[in-house]
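The chain that follows stands alone, in the form predicted on its own, written as structure tokens.
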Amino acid sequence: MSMRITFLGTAASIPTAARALSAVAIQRKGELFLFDCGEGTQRQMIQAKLGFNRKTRIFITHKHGDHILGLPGLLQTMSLLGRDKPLQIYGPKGTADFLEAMIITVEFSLRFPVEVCEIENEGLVLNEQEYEVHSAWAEHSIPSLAYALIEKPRPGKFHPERALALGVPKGSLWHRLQEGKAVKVSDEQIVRPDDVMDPPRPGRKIVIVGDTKPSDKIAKFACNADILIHEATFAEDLAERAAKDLHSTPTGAALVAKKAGAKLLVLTHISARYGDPAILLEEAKNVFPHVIVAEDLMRIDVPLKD
């Protein structure tokens, strides 16, 4: 089951020649999850060949312009290209008012249904058959969310030879066992899933943090994440500026990843002052070895867990 992360925009506050504004896309099966939507996100989606008419959910971390101003343009592009599938947008309180104001002001009509779900209390946002999305409040100058896409455990490997040895014929009974249901072979014998299947396999966990200062709360929220995507706006020589503006340095983000036990830290939301982000990578690696700096259109394929 494929899962691919594409970094559509990795800049902080203003775009640069190399970096667009904040947006991260995750493809899972045929579904697209978009986290933040900075200006020009639809062009980045074209570059990444993501398409505009697939099942899509958009999650806004907060209402600063570099994270949300691309939303009206993206919706208009979808409409002009004939999107007909419903679209769900999640974000903090005020997201619906922002979208309504933009649509009225720009005077364009949407040709597909849009549902806006405003998040007032952190916790479970979305519960689907194979995954959940959770939210937690980060620490920023305005309400800012972190999101976690968490897959539910997959059934363990099914062993046909065990089923046959226990007298379970190939067919519908095998299917029931793989669904986690016990089957009756005879009056005396019941075969349970544990008899023919390995233990459940854990799902993947991806955590995307909006603008924030480093916090133990986010470290706990990101516990055991396969990938933690965390802002690192300023290098350590601007740590006082980062603290004042409630942003993070690479060192702070790395400490969060270390406390969380994350497998990989990806730094993003990079200030325009860092044409070469090598200093950011070096500072983070002094604390946490498994780290990379995101670049626009960079892709990460996340393998299934055994």
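In case it trips you up, residue 1 is the first one in the sequence shown, and so on. Because the structure is predicted, anything quoted here is derived from the model rather than measured.
From this point on, the text means the form predicted together with a further copy of the same chain, which you will not see here.
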property: Heavy atom of G65 within 4.5 Å of a further copy of the same chain in the model of the complex; result: yes
property: Partner proximity in the model of the complex: A23 to a further copy of the same chain, non-hydrogen atom cutoff 4.5 Å; result: no
property: In the model of the complex, V106 touching a further copy of the same chain (heavy atom, 4.5 Å); result: yes
property: 4.5 Å heavy atom contact, T249 to a further copy of the same chain in the model of the complex; result: no
property: a further copy of the same chain in the model of the complex: contacting segment from 56-64, 23-31, 274-282, 254-262, heavy atom within 4.5 Å; result: 56-64
property: Heavy atom contacts to a further copy of the same chain in the model of the complex at 4.5 Å, residues of 1-34 in sequence order; result: S13, I14, P15, T16, A17, A18, R19, A20, L21
